[in-house]
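Single chain ahead, by itself, as structure tokens, in the form predicted on its own.
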């Protein structure tokens, strides 16, 4: 296996993985989406709410606010030693919201959510929650916990996680007359004409395997061919900001490794049971 980083911009990363199968690439994508835990508000205790939003809608909005996550300090509720439905400081974080509009209208933003633990705070201060009319007030306690995307989308640590085959473009220069039809139709400007009139591949990584260049080629069979390498993949992962994108990928690989070990252990146990049954 070979990994090549193409670009890293803030919360997003694009890289190439060579030497894996489609099933392994899809496994990594699904683990990132559904198994890597992150923090989100799950329980809300409404003390006062006379805004235009019902309690349930207000709680839903709070749950969808991405929270910075500290995986090293908090446990998943099902793995915490407290075994309590209410949770404890090791598996639950508390955020307080107490806002009142005095003489003017006021928009309540995510910055108004005050966390007890500064490491578990909204990723942005500018996420609007509700607009209060003069005299309206909201007081509540919000309880955040670790969860997984397979249980609810609010626990997905990424806003995008995609992969595609590494494109392979070949041109038969003995048959290509350099008419340029493939160059003109390419939506991603993958092809270009050189100074001597030859069609060349300039931006291979931008190819989306649409095959428009093949369809428009006047030659029969076409002088250009496009395929996807099924052992090489271009990944794009974008974090919501709750975790660094490198940490998300690292945790996904740890989870994959753990699942493989559990699978091997189960096979070993079942084989031992089968041998005992045969001996008896």
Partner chain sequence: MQEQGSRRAIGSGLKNEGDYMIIPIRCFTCGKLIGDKWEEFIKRVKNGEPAGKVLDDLGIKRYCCRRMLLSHVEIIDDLIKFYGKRDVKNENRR
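Positions refer to the first chain, counted from 1. These figures come from a predicted structure and were not determined experimentally.
Just so you know, the form predicted together with its partner chain exists too; it's not on screen, but the next bit is about it.
Does its partner chain come within 4.5 Å of any heavy atom of residue 158 in the predicted complex?
Close contact exists here: in the predicted complex, residue 158 approaches its partner chain to within 4.5 Å, heavy atoms only.
Although the partner isn't part of this model, could you tell me whether residue 189 comes within 4.5 Å of its partner chain in the predicted complex, counting any heavy atom of the residue?
No, residue 189 sits far enough from its partner chain in the predicted complex that none of its heavy atoms falls within 4.5 Å.
Is it the case that residue 118, even though its partner is missing from this view, gets within 4.5 Å of its partner chain in the predicted complex, heavy atoms only?
Heavy-atom contact with its partner chain at 4.5 Å: absent for residue 118.
Should residue 65 be classed as touching its partner chain in the predicted complex when contacts are defined as heavy atoms within 4.5 Å?
Residue 65: yes, in contact with its partner chain in the predicted complex.
Pick from 95, 91, 169, 130: which residue has any heavy atom within 4.5 angstroms of its partner chain in the predicted complex?
It is 130 that has a heavy atom within 4.5 Å of the partner.
Which one, 183, 123, 210, 80, lies within 4.5 Å of its partner chain in the predicted complex by heavy atoms?
Looking at the other structure, the residue within range turns out to be 123.
Mind checking whether each of 10, 45 and 141 has a heavy atom within 4.5 Å of its partner chain in the predicted complex?
Heavy-atom distance to its partner chain in the predicted complex: none of the three under 4.5 Å.
Any idea which of 172-180, 102-110, 70-78, 189-197 reaches within 4.5 Å of its partner chain in the predicted complex, heavy atoms considered?
Among the candidates, contact is made by 102-110.
Within 4.5 Å of its partner chain in the predicted complex, counting any non-hydrogen atom, which residues from 227-242 show up?
Read in sequence order, the residues that approach its partner chain (within 4.5 Å, in the predicted complex) are 236, 238, 240.
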